[in-house]
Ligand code: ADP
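A single chain comes next, written as structure tokens; it is the form predicted alone.
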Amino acid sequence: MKIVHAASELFPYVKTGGLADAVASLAGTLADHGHEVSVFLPGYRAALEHPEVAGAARKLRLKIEMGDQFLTGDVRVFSPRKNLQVYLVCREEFFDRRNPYGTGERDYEDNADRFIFFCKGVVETLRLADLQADVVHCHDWQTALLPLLVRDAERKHGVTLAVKTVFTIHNIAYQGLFPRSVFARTNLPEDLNNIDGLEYYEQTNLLKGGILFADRVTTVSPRYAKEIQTPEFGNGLDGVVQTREDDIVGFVNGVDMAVWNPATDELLPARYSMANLAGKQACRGELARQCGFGSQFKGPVFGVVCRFAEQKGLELLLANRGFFITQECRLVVLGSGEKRYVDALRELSAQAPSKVFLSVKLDEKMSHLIEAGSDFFVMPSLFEPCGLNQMYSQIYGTVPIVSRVGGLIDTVVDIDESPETGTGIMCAPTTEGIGEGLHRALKLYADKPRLAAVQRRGMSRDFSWRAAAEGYERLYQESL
């Protein structure tokens, strides 16, 4: 099949979270299965500066209609592996910036124009390059206009650009919600500017368009596909999602084992496997050294790597600050995001500098070391469409402590509920629930034979992209 993906992130060229890993891994796996795969990505500064992209040739010059004006851009293309091409839709005004979505304090004010231009650039490239896609697969609100724009361009030009479209909701909390006046820049028929189209409480909701008009809709876990049809997790779009009940399916994201594998991970100071965990102790010692804990510390190390956002349940972690201050343990936190969480975590680190280490940045190497060197990985998410770190943790022999929500339910087995097969600790997404989970972790850490058994069970699980990719292949084929 000829499969086109479009996304706002792609590892290793630009990454702020799991979306980049998921799209890269799925596209790569499909390419390895022999499909002709193309991935479209905005031409961000970080992407253009990546060594693989430096020699990327300009393939096309674009002239994009945006409301009552035309804007120019260009497309660069390169091939990072067999059967895979990456297209960068470039316009300096929109994408030559330090960060993909905002300043860190707020979103860019022109995000609507930026991603409408990107989507239109994808469609125009499909037409001019005659890619003849069997499937165009779009990811999250930044690409949600594509199912509409593809069909509109086909109608205008009398061509077929894609046989079918698929739209994946990675996180329904982010919807691309803008003033209603933004609709004019889409140049779509006016009859789509209503309650049955993109209109949402007198605003324009881009995500809604992807949900309503793609041929098939997917989420990144089976549990999340059900959750977003409820008011509790649907973020106001549960009724919209319910209209696609027969067309929506959830596949658990996989893990790129070429990147996340403790036996081959070159970012670690030592490699290890389920058969020999000695290297994990070396990673733990190096993590403790880098965090100033002293490599001889004997108590448990708790790791956290996440975006500092409300979704991630950091308030539940902070509400249990007394645990980390009073217990003989250590806490390592890596991430970036909302200032209120940065300030609160810095305050906790300043309160107990010998016990709590904070690094406020995106650091791929450090994230690997935390996964390998921690004894427990904490994910107190209020909701979690899929989550990847809980899978990384199990692969790396680090016991996950997770909220009982979304994809975490699909990927972690509680050690007390299933003593023979358990791989982690599941908690209610409350202050008390997370506190109970932390104390259960202390009890498990004290029982070294049981801890080792839980670690090895986690490391034996298959979280590769094989199953998910096969699911998507079946979905594509059924749709076609």
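Residue indices: 1-based, along the sequence shown. Nothing here was measured: the structure is a model prediction, and the numbers come from that model.
Keep in mind the form predicted in complex with adenosine-5'-diphosphate is missing from the figure; the text below concerns it.
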Heavy atom distance at most 4.5 Å to adenosine-5'-diphosphate in the model of the complex, all of Leu19, Val305 and Leu388: yes
Stretch in contact, per heavy atom within 4.5 angstroms of adenosine-5'-diphosphate in the model of the complex, of 76-84, 152-160, 362-370, 289-297: 362-370
With the partner left out here, check for me: in the model of the complex, does some heavy atom of Lys312 sit within 4.5 Å of adenosine-5'-diphosphate? yes
Answer for Pro100 alone: is it within 4.5 Å of adenosine-5'-diphosphate in the model of the complex, judged on heavy atom distances? no
Is Trp141 part of the interface with adenosine-5'-diphosphate in the model of the complex - any heavy atom within 4.5 Å? no
Contact with adenosine-5'-diphosphate in the model of the complex for Gly254, defined as at least one heavy atom pair within 4.5 Å: yes or no? no
Proximity to adenosine-5'-diphosphate in the model of the complex, single hit among Leu345, Leu237, Leu382, Leu334 (heavy atom within 4.5 Å): Leu334
Heavy atom within 4.5 Å of adenosine-5'-diphosphate in the model of the complex, from candidates Phe167, Phe376, Tyr392, Phe118, belongs to Tyr392
